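Shown below, as structure tokens, is a lone chain in the form predicted on its own; questions about how it binds or moves come after it.
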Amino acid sequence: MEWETTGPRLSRDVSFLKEHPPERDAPPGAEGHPLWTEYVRYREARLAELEQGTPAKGPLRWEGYLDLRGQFIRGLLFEQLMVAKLRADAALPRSQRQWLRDFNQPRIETHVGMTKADLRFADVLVIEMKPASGQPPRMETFSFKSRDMHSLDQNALRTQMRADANGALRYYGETVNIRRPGLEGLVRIQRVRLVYEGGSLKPSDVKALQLLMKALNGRIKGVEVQFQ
């Protein structure tokens, strides 16, 4: 998330960062902020990475870091909300469910490590605990996104959502190698659900969004895109 953010950054030049520690250019009131100590540690860690030659961008400026932390907390709250909804959905009779009607007895696991090209962690893995006789258990993954897309134009929206859908399929779809103890092994993921936070974050052009979602759901097999 830090890599993708477009907030203002400092130079990645090691000499510059050493000559400009956080305390030197701290904005008024920053050093008394609850996140200031965390920001200083972040700056120190980024400097160490750059000194070691680790591929990394220059550290975010203070205002960019605050925005990043706000996005992170918002995303975490959305994830917690969706996990609670899925657990409540799983407890309902199958005919009354909104999300998990394709499961007889769904088991919900969160932050499950799985590998394809590299190690990633699915927000949610749903496993069928009562599969049909002789059939492997159905498995689906969920990826939750809390992106502010209300002001994106159609081209930017299309590009972002395509990238998110392709990424969800690449990391959490098709055949994956689950790394969680007790669940290890190659499995087939029947469907990936890419769920965006709605409300004020939802694109303002509803008609264009509906057309784009229809196109994505038809073109990228194995991924279902929707807004909550």
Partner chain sequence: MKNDNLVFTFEGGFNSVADPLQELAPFLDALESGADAWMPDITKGKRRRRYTRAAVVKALAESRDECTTSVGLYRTTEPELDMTLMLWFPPQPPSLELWLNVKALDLFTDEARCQAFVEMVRAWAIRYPVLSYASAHSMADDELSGDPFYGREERVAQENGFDQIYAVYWLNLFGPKLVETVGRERMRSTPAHRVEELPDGSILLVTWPTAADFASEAARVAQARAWVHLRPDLDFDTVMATLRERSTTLAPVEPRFAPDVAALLSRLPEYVSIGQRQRRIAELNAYVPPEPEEWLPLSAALPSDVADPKAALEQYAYFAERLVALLHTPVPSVLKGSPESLTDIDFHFWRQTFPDTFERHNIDAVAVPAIGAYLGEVLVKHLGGQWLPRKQWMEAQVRVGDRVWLPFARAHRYMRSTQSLLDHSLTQLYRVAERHSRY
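All values derive from a computational prediction rather than experimental measurement. Take the two forms, superpose them, and find the largest set of C-alpha atoms that agree within 1.5 Å; that set is the rigid core. Numbering follows the first chain given and starts at 1.
What comes next is about the form predicted together with its partner chain, which is not displayed.
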| item | value |
| --- | --- |
| Contact label in the model of the complex: Asp205 to its partner chain, heavy atom within 4.5 Å | yes |
| is_contact(Asn155, its partner chain) in the model of the complex, heavy atom dist at most 4.5 Å | yes |
| Contact label in the model of the complex: Tyr172 to its partner chain, heavy atom within 4.5 Å | no |
| Exercise: Leu119 in contact with its partner chain in the model of the complex, heavy atom 4.5 Å | no |
| Residue stretch of 69-77, 122-130, 109-117, 88-96 approaching its partner chain in the model of the complex, non-hydrogen atom distance within 4.5 Å | 69-77 |
| Joint contact, Lys18, Trp62 and Lys145 to its partner chain in the model of the complex, by non-hydrogen atom at 4.5 Å | no |
| Sole residue of His33, Lys57, Arg179, Arg188 within 4.5 Å of its partner chain in the model of the complex, by heavy atom | Lys57 |
| Any residue of 25-49 that, in the model of the complex, places a heavy atom within 4.5 Å of its partner chain | Glu38, Arg41, Tyr42, Ala45, Arg46, Glu49 |
| Rigid core superposition, Glu174 Cα moves 2 angstroms or more between this form and the one not shown | no |
| C-alpha of Leu17 off by 2 Å or more between this form and the one not shown on rigid core | yes |
| Distance direction in the model of the complex for the C-alpha atoms of Glu197 and Glu38, relative to the displayed form (3 angstroms or more) | closer |
| Sense of the change in Cα distance from Met161 to Arg69 in the model of the complex - at least 3 Å versus the shown form | farther |
